[in-house]
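Shown here is one chain on its own, the form predicted alone, set out as structure tokens.
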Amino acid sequence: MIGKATRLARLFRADGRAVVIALDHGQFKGSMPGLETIPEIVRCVVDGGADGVILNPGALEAAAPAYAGRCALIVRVTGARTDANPEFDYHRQILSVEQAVSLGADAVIAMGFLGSASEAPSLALVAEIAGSCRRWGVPLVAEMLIADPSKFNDVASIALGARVAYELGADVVKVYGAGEASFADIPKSSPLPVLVAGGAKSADPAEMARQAVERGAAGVAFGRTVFGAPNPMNVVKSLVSAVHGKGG
């Protein structure tokens, strides 16, 4: 579909890779260090060379001058859960794909959960959103999470999530597990471009990104390792170099 191809080309560079910065944590965790002023952090990461940003719908109007025409916009369309809710996997649709298009989205992102009582409705919602994305020509990024904390970084479980995302109609999958040597098994399990999430703070996010790309990832989708850093712009620059090469 030409709509999806056009929008994906705004996110992934000619090398097929992307550096995405997730700035959507406020919907779940409230205000966090580094996210106090969304337009400011968006401008900072875009100036650093980010290929895309993930934002919640309410943040778009204020942040638009910082990202519009400069990087791809990925809008979160699922959520409706905060850290005050003990049900980690309680997510619902908060925005339609049509509404995301009206807000200028180049792609949308939705959560999918594996291994809990919420798995079936969660994955059914991913499939439903994928259908809407086909109608509107909008790429879907499926963020696949393992509900069992003990398996959160289990490569076999993550690989299952990546494959399920493909089977349900996603166009890109966001996963955890970049630090594992066997991470190479994850891209092999699914033909989708894989973006690696940062997870807990890393001493060297650029090295994590470099290793992920070497093992077959199409790039990264880091959040706290960027906006929680003393100098987020420099972190983004280092990620761009790691993902796209020194000339990136």
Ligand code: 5RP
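Since this is a predicted model, take the numbers as computed values, not measurements. Start at 1 and count along the sequence shown; that's the residue number.
Quick note: we don't show the form predicted together with ribulose-5-phosphate, though the next part is all about it.
Q: Which single stretch, out of 66-74, 186-194, 41-49, 22-30, brings residue heavy atoms within 4.5 Å of ribulose-5-phosphate in the model of the complex?
A: Residues of 22-30 come within 4.5 Å of the partner.
Q: Evaluate Gly223 for contact with ribulose-5-phosphate in the model of the complex, applying a 4.5 angstroms cut-off between non-hydrogen atoms, and reply yes or no.
A: The answer is yes: Gly223 has a heavy atom within 4.5 Å of ribulose-5-phosphate.
Q: Answer yes if any heavy atom of Asp171 is within 4.5 Å of a heavy atom of ribulose-5-phosphate in the model of the complex; otherwise answer no.
A: Output for Asp171 is no: heavy atoms all beyond 4.5 Å of ribulose-5-phosphate.
Q: When the contact criterion is heavy atoms within 4.5 Å, does Met111 count as touching ribulose-5-phosphate in the model of the complex?
A: Contact check for Met111: yes, within 4.5 Å of ribulose-5-phosphate in the model of the complex.
Q: Heavy atoms within 4.5 Å of ribulose-5-phosphate in the model of the complex is the criterion; list the residues of 120-146 that meet it.
A: Just Glu143.
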